[in-house]
Every structure is written in structure tokens, then in C-alpha cells.
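Next up: a single chain in C-alpha cells, the form predicted alone.
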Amino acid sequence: MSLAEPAALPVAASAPRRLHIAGRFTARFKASLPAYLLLLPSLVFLALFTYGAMGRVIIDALYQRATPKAPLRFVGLDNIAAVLADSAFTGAVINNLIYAVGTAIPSIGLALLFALALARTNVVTSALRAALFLPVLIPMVAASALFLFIFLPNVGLLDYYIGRLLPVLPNWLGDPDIALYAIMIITIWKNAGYYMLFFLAGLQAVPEDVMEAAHLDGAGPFMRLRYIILPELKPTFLFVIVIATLNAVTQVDHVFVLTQGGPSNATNLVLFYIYQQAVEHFDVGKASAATLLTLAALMGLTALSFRTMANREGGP
């Protein structure tokens, strides 16, 4: 009997500790309950239309229908293999890479230039900021309709003004060699003002005393830009690059309005390829597989960018 009593002491001593932990958990839950109730509509929305949709895409990528009314047939990873072997998907990926680079670099460069020029707030710069941000408020479909009138061969505004300079007028949307670059212009025009806002916010974090000290030491504008401003804007650059990449993949309205992926698939982007497989070819499995591949690439790029940002902030 005396040997059993010491063994029971730890059990008895742990009971108040468990009660203490349970009490702390209950207190934290009660304190956090109003916040969770406020977040509940957003959480329900995410569960239904984001994570639920992702789950449906994963399931659809594993099945296939021979016809729209045929029963589902499990095919495993065959849909992903079929997408990777499809030359149209490869062409769409290449077009999207060219489109992403060709829109992100000019848009970010212009945004930085605008932000540097309009960093000081006054009546004039405020009006110019509003004017540069105005294209962001125009829906992409409306912007595409506007540029369709600009790009019309022979009668469009662009051909009207450059017709006296060129002996042969190009077909901006009908020539496979230049159609992709023509739709890039719309994206650059529309996104530069949006990215400008991020750089304007990033410039607020540049220390004024450091800038003044560099100016007193004789550092010119370009030296201050290179050694002070640009290093301070690295987190902003990483964030804007991620946003620009997402926009390059998700903005496809102008392709619908202007080219429908043509001519000769010259402007066929990944999202339009997914639309073709799902709506035009009724191949939901293949469209879902292409969606998964695109989502995986975007998530990998985003994770890499934010990890780079975190490493920089945690470094010396």
C-alpha cells in the first residue's frame, strides 16, 4: 500500500495543471470569439468559393468524360500528362511568359518613375496621381473596346496618326508577330498607375535624415536613388512583382474582346487555354489539370518571393 501511494501523487498533482490549461484556453476563446464572429462571413466565403472550388478542381482533374453527358471515369494523372503533352498548352505558357515579362518590366519601371516624380504632395502632383490612377478604375472589357477602336487597321486612331510616317501600316491585332505586343500595351497602360501607389507608399519609408545627409555630402540624385532609395524599396519591388505576375496570368478579358487567342494562337494565354478546354471542347478534366499546374506555379513563385522578402528582413 505504501508503494502505490507515491505513484498516485503525480496524477493528482497534474489535475490542477490540466484545469489551469483548460481555463486559459476557455478565456482565450471567449476573448477571441468576437473577432471570429466578425471574420465568419469572410471565412464562409473562402470556404465555399476558394477552398471549395480548389477541392472541386482537384477532383475534376482526376476524372474525365467522353461526352458532356457521359458518366465520369477515373483517369488519375492522365489529364495532367495530356496537358503537358499538348502543344497548345506549351504555346500558351510561352506566350504567357513573354506577356508577363513584357508587361511587368515596363509597368513597374513606369510606376517607379511616376512615384519618384510625384513623391512630394501638392495640388499639381495630386491631380497627376489621380490622372495616372484613372485607367485602373476602367474595367478591362471597356479598356479593350477602347483600344479596339485605336488598333483598327487603316481607320483606327493609331493608324490615322502614324499613317504618314510608315509606308505600310501594320495590322496590330491581325499580325501574329505583333498581336501579343499590341495587347501588352493595354496592360501596361492600365497597371502602371496601380503599381505607382505601392511605390509611393514605399517612398514614405525612406529616411529623410539619410537623404538630407547624403545631399549635404554631395551625393547626386542618381547616387541617392541607387544607394538609398532602391535598397529601401526592395520589399516593395518583391511585392509588386508578385502582383504583376498574378495579373499577367489572371487578366484575360482583353484577349476575349480583341483577338480570341489569335491570330494562329499568337495571343493564346494560359487562362484562355483553360477556357477553351472547359467551354469550347467540353473537357473539364483537362481544363482542371491545366488550372492545377498554373496554380502550383503561381503558389511556388509567390512562396519564393515572400521567403526572399522574409530572409531580407531577418538578415543583418
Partner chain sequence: MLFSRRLMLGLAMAGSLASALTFPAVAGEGPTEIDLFFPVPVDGKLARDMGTLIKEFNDGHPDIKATAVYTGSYDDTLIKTRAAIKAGKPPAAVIMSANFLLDMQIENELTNLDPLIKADGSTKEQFLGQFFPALSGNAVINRSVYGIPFQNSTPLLYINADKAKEAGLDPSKPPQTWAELTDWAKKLTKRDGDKVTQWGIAIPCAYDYCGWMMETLTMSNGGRYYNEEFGGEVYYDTPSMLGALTWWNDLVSKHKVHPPGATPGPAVSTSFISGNAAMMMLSTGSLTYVRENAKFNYKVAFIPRNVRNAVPIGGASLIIPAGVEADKQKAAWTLIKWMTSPEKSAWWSRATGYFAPNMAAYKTPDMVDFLNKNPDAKIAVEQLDVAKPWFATYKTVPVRKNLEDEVMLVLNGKKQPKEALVAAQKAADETLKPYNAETSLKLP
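Residue numbers count along the first chain shown, from 1. On a predicted model such as this, the values are computed, not experimentally measured, just so you know. Rigid core (definition): largest C-alpha set, two forms, superposition within 1.5 Å.
Keep in mind the form predicted together with the partner chain is missing from the figure; the text below concerns it.
Look up in the predicted bound form whether Thr245 has a non-hydrogen atom within 4.5 angstroms of the partner chain, and give yes or no. No.
In the predicted bound form, does Lys30 have a heavy atom within 4.5 Å of the partner chain? Flag for Lys30 set to no.
Spell out, yes or no, whether the shortest heavy atom distance between Pro106 and the partner chain in the predicted bound form is within 4.5 Å. Close contact is absent here: in the predicted bound form, Pro106 is far from the partner chain, nothing within 4.5 Å, heavy atoms only.
Close approach of Ile241 to the partner chain in the predicted bound form, 4.5 Å, heavy atom: No, no contact at 4.5 Å.
For the chain shown here without its partner, which stretch in 91 to 99, 173 to 181, 229 to 237, 206 to 214 has non-hydrogen atoms within 4.5 angstroms of the partner chain in the predicted bound form? So the stretch in question is 173 to 181.
Only one of Leu137, Ala145, Val124, Val155 comes within 4.5 Å of the partner chain in the predicted bound form by heavy atoms, so just point that one out. Contact check passes for Val155.
After the core is matched up, is the C-alpha of Phe45 off by 2 Å or more between this form and the one not shown? Where the cores coincide, Phe45 still shows a C-alpha shift between this form and the one not shown that is 2 Å or more.
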